[in-house]
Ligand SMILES: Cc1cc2nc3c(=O)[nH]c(=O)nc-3n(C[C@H](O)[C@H](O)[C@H](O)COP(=O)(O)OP(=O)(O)OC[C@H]3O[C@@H](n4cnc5c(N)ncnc54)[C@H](O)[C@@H]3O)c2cc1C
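Below you will find one chain, with nothing else, as structure tokens; this is the form predicted alone, and questions on how it binds or moves follow later.
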């Protein structure tokens, strides 16, 4: 038997596996034994159809190579295992920490993982209690705990980065329970309910293979020698020595960032974005999207280029707006959806740029907005307004109830954001309404959303190491080098590859 990579297999929108197999055999002019979908895309320029790339198993000798048919030669992306004498600490267990630790484990390092929050099962209970009662655990919530903030999201697996290690990440997800479809769907997602099971399985796998986990044990201090080289960390439970330290702390770990600054680690401000969630009936979005005849729970991606950029972010079809606070007396919103995406309501962040010149301390700037919202609400109820009312400066009852579980209070966002930013947001809404007619009339706003990105970047050199703290490897969103599950996971893999290459 031989394996071939077969591209450009076209099938109708309504099709079965038998239709795909028939399409391959028509292209190859002979029967095949089996196939595996590698990629699927939609061509909707005229009469819509799907285009597949597949790995096909067929008999030796029964193949003709062409521009669409080639010998499939898989690349082994897993590192070679060698027992290595270095100890590496991974602080923070979001996507960058998970995949850095996994790959370092595969390569044979001694790996210790430290995470401020709890394991997912206990974390789920804390989050559920908060959603139902408003009782917040500041160490175990949507932001902190096993899997990071992405564990309570739509668990999107999309990225604009082109990298061969995307297949490595998807393979690990599938190995631990994800549906094979994530390998080839254009806008693949796992869903918050499924990603939690998968991350738990990955953690259990690593623990069985020797990774030492310290949940509910926050890194309080980095330990340096006289030459400013990392020698370990300190937690409330004691000191832990290491040769190298990879930190993937997440965008809400401002106490850790403050500690790093006090230790002299070079950190700079970077631009951020702020805004709110917008919600629409999912049926409205489906009806307005060009491929609505093909599938429900459609997404949208909107961009407006004005004096400041405004854009949609983390769109959750059939999802929920959720409270994403990690601090008491604050309001922070985010979006989440389950694998089925069947809530009937679409939500997305609508964010406007905030340039680093507009603030001295990004964390303080964001926290002021979060506390301001709480002061207006006098509770954990989010601020809300109809989009049409925002455009006119009015405040009328919402045209439908928000999915936000703790309830909302009416407030005019014109009095929340700066006058300049509100003017730009209104121009953006007019642009979005031209692209999706009815976007203004049919939508509501719930907010604020302040945790879309981290306001700092921990400076690192071409080897991904802190520019002034040897042995410290900042990674992921909290270090300023990622913005979602896939980009952060890839950054963790880059760090691991560097350590395997130069410190093995």
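Residue numbers count along the first chain shown, from 1. Keep in mind that this is a model prediction, so the values were computed, not measured.
Another form exists, predicted in complex with the ligand; not displayed. Remarks below refer to it.
Proximity of 92, 114 and 219 to the ligand in the model of the complex is complete: all three residues have a non-hydrogen atom within 4.5 angstroms. Although the partner is absent from this view, residue 166 stays clear of the ligand in the model of the complex, with no non-hydrogen atom inside 4.5 angstroms. Under a 4.5 angstroms non-hydrogen atom cutoff, the ligand in the model of the complex has residue 150 among its neighbouring residues. The closest heavy atom approach of residue 275 to the ligand in the model of the complex falls outside 4.5 Å. Looking at residue 100, you'd find every heavy atom of it more than 4.5 angstroms from the ligand in the model of the complex.
With the partner removed from view, the residue among 230, 142, 310, 349 that has a non-hydrogen atom within 4.5 Å of the ligand in the model of the complex turns out to be 142. The contact with the ligand in the model of the complex, taken as any heavy atom within 4.5 Å, belongs to 322 out of 178, 354, 127, 322. The stretch that touches the ligand in the model of the complex, counting heavy atoms within 4.5 Å, is 246-254, out of 194-202, 170-178, 374-382, 246-254. Along 151-169, residues 152, 153, 154, 155, 156 each place a heavy atom within 4.5 Å of the ligand in the model of the complex.
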